[in-house]
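First, one chain by itself: the form predicted alone, in structure tokens.
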């Protein structure tokens, strides 16, 4: 029986039906109401620096080519030949002048325009190539080097979509004089879970750490989160968790990277570099954000950022019960090359498919999905009411704020999710 969306999430999002994570009909509504209408992360400008550079991406289950054209503009197009539908790009990244379909050798320019139809040389009539290019993503915009695309040409500007989330992302990205860069191709793996489960985790669920990751997370780290931690909903659907350290905190207790394996074991040169970045932080991001020591961020609907471990992640749906997780290491763009090689281990040591914490998280997400599809449990929705009504404005932090145990980050996400699905429910 088809479930109504108003029966999935109650009015304050404290109770959410298990079917939100397991129902085929709901997944189809997500594709129409969210992934067809919302800004989705495609890549970073450091991945497409020069004309001819390209990387592959996805928008939901639709394969995308992100490229820099001969006009030096960034383009995004669907990776599917307009002749018979085959992918015209099969490399994760590279530099090229043409994308060529292997079936009949139709050739497309780096911006997706159709260049050559080999069969035309034997035909008297010519096709209108201007109408046969790869399908373009109609809106592509970037902020601080982060590139997003949207299939809805009338979507609000990207900066409006990000809203107050820019304050929190900028607290990290603006610390570095030339920003950040993505390192290599993403690590990619498939998890038997719904795409919203890892997203919810990164939106603000940092309090599972002392329990799920008890063998790795020291008690001192948990105590620091309890004492200085904040959970913020900058805008409906986004989330940011961080520690706001005291003004007199020692530099080693605040500086990005010092608490990681790289910071601890990387040696004096690495540590001095991290201290130098922190020394200029107040000048670059202001006194409040200079004291931020981030944890996990989430940008609606499916982009995440891990501050300490310097990783961006995208939760790509592959149906209601599978997610293809993409994860990139990032480094400061102007760091010396030999330090970049060291700093990228901030991410790889704990996250990615071989990371200790990632494996524990993935197992929990798979078990949550199984719990969402078992029989005879529909009358026991999941409870999201921790901290209800305790979130409030803060004089220095935009958005609604409370400690990290408050589940308001998830409630805000699922209320926006509900609204998006309600808007298209009658079309189904």
Partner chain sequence: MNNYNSAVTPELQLSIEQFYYREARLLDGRQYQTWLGLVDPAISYSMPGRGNPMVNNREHGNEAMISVERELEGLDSDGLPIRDEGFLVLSLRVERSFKMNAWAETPPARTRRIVGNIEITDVTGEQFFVLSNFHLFYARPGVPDSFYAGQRRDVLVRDGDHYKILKREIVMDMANANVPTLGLFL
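Numbering follows the first chain given and starts at 1. Keep in mind it's a predicted model, so treat the numbers as computed, not measured.
Although not depicted, the form predicted in complex with the partner chain is the subject of the following passage.
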Report task. Mind telling me which stretch in 360-368, 396-404, 41-49, 26-34 gets its heavy atoms within 4.5 Å of the partner chain in the model of the complex? Result -> 360-368
Query raised in the report: Considering 294, 355, 163, 179, which brings a non-hydrogen atom within 4.5 Å of the partner chain in the model of the complex?
Result: 355
Report task. Could you spot which one of 113, 224, 174, 192 gets a heavy atom to within 4.5 Å of the partner chain in the model of the complex? Result -> 192
Query raised in the report: Can any non-hydrogen atom of residue 184 be found within 4.5 angstroms of the partner chain in the model of the complex?
Result: yes
Query raised in the report: Given that the partner is absent here, does residue 212 sit within 4.5 Å of the partner chain in the model of the complex, heavy atoms only?
Result: yes
Query raised in the report: Quick one: does residue 82 come within 4.5 Å of the partner chain in the model of the complex, counting heavy atoms only?
Result: no
**Report entry** Non-hydrogen atom contact residue 107 with the partner chain in the model of the complex at 4.5 angstroms
**Finding:** no
Requested in this report: Sequence order please: the residues of 71-95 with a heavy atom within 4.5 Å of the partner chain in the model of the complex.
Outcome: 90, 91, 92, 93, 94, 95
